[in-house]
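The form predicted on its own is given below as one chain in structure tokens.
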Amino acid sequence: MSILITGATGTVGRHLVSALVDAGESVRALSRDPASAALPEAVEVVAGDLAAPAGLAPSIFDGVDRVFVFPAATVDHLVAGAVAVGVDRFVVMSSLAAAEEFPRDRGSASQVHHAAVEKAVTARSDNWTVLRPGTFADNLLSWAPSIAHGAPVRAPYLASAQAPIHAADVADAAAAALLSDDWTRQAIALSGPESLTRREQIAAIGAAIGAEITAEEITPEEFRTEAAAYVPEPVIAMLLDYWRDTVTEPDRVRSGVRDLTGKPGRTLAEWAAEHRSAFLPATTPAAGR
């Protein structure tokens, strides 16, 4: 089979491309800039921009059997183009928020966005699998500047608990779904293998870098003020609602990664060890060199 990967140069996409190449599959990767994609040599990299409908040539689907749909803001033209030439198997990366399991999800920035992505596929094809990961471990990289500078991590709701998922586990789940028809017309919830408070998440990073990290709990209002310069207000509201709710009702560990891959998924300690360099101070060249 030949598989088209969108979002191929993103965190999940790179892991997914490697997993499929390792499985011996024919992979075509969509990239805005093929020359800088830096993907494995076996991958056919083609030019295309999900945000520019006119930039998606029908030839990108030549010989393609299956498509991995990255949740870009505009995927309708991608899916419509694929269906028009006979491609009818899609694996969609969505979000747990799209399931609307909790009142906080309804109308949230993530739910609105990912529900539209899912509909773009499910309204056009009956041969789909939707993957709904919860919070990504990579989101914790937002703490890296503070930790690297030896400053306290300032965050609200430090007692709230989530089950952060490693991007490679999302990719492994996507690879399993793309390579099998056993998961057709299923929306599968994904999470990391353990639910940890935000204090425990900070401690896991500290263990990886061999340092004790100070955590300073701030109010939601302080977080809103500090984040306003770089995070849109709807996203701030969504995060605060999520962290508030998971104080009293911690994130549940979902079985999706194990169901799809046969493995429990990577722990946050493993993620922190892999990303430890992001949390370490930058080295300064010695004087005179």
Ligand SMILES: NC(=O)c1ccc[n+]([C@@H]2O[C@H](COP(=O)([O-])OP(=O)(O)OC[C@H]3O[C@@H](n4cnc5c(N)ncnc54)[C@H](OP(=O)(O)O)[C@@H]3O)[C@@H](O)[C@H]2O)c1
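The first residue of the shown sequence is 1; numbering continues from there. Quick caveat, the model's predicted, so the values are computed rather than measured.
Same protein, other form: the form predicted in complex with the ligand, not shown, and the subject of what follows.
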{"item": "Interface segment, criterion being heavy atoms within 4.5 Å of the ligand in the predicted complex, picked from 172-180, 150-158, 129-137, 205-213", "value": "129-137"}
{"item": "Exercise: A8 in contact with the ligand in the predicted complex, heavy atom 4.5 Å", "value": "yes"}
{"item": "Proximity of G265 to the ligand in the predicted complex, heavy atoms at 4.5 Å", "value": "no"}
{"item": "4.5 Å heavy atom contact, A72 to the ligand in the predicted complex", "value": "yes"}
{"item": "Partner contact for V43 in the predicted complex: the ligand, 4.5 angstroms, heavy atom", "value": "no"}
{"item": "Contact assignment for the ligand in the predicted complex, among M93, A82, A163, V121, heavy atom within 4.5 Å", "value": "M93"}
{"item": "Sequence-ordered list of residues in 42-72 near the ligand in the predicted complex, where near means a heavy atom within 4.5 Å", "value": "G48, D49, L50, A51, F70, P71, A72"}
